[in-house]
Ligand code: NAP
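The chain below stands alone and is given in structure tokens; this is the form predicted alone.
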Amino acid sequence: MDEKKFGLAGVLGWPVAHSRSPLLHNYWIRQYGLQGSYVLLPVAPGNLQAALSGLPALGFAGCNVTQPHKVEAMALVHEVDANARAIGAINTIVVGPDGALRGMNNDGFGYIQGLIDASPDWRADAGPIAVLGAGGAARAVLMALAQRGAKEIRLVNRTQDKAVALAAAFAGLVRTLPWESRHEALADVAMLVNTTNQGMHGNPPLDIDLRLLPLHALVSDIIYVPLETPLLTQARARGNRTVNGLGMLMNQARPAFQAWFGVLPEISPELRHLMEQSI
């Protein structure tokens, strides 16, 4: 095998054992007849700079970046595209021919496309949107919602200072509420979005009371392990439409795969079924 034609990529985070990205990307590698592999890259906090510096030497075409490194990694790459800079976090790194690292963020694209795939009539301007969490994923979700025409976003986070700092980038579109007001924040919204890790496998369920949430509101959770978090189960039981995070994962992966392997892959029904069965 020609080493120079072997494409190597992976997902860098801590933890990453739960990630289904290797299943997704390796499926596409096989589907399109490419030589390569996509692997887990567990990198503990404190080791990020050393890990990123090693990517060119190890022959990587690039990697995805997941929690908790999305914000810190942006300061450690050589170039950041305009979209990622606006979001303030990266989720994809591409290694250039000269070894330079370029940061991108496809999370917002993936999030919106996942919503549209699941609910084709969804509109960002249908009414107020409540977003829980203010981490790297929340940054991408907020930017994408703003670009799609959202009129009012209520941002609720346990650490309000972090939410206030994030909201400052959105010129009045995003207003923050204290965590204690999260239940009341749901009154009259058209959509609720969970970007926290609460409800993810191994974490406690999200502590939220849905009684004030309108029944027509869409409930979106960016978590995909499990496919149905306690939040989505609770919302579905009361009659709300729900969308899990699998569509976001698969859609954000498409431009990353294209940047590394030169092919824009498609999400087939077979692939979606394979991903669902793995969870």
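Predicted model only: the values in this text are computed from it and were never measured. Start at 1 and count along the sequence shown; that's the residue number.
What comes next is about the form predicted in complex with this ligand, which does not appear here.
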- Message: So this ligand isn't shown here. In the model of the complex, which residue out of M74, L177, A124, M200 has a non-hydrogen atom within 4.5 Å of it?
- Response: M200
- Counting non-hydrogen atoms within 4.5 angstroms of this ligand in the model of the complex, say which of L41, L213, V243, L249 makes the cut. L249
- Query: Looking at 133 to 141, 78 to 86, 184 to 192, 167 to 175, which one sits within 4.5 Å of this ligand in the model of the complex if you count heavy atoms only?
  - Reply: 133 to 141
- Query: Do T196 and this ligand come within 4.5 Å of each other in the model of the complex, heavy atoms counted?
  - Reply: yes
- Touches this ligand in the model of the complex: Q234 (any heavy atom, 4.5 Å): no
- Is R158 close enough to this ligand in the model of the complex to count, meaning some heavy atom within 4.5 Å? yes
- Query: Using 4.5 Å between non-hydrogen atoms, is Y224 touching this ligand in the model of the complex?
  - Reply: yes
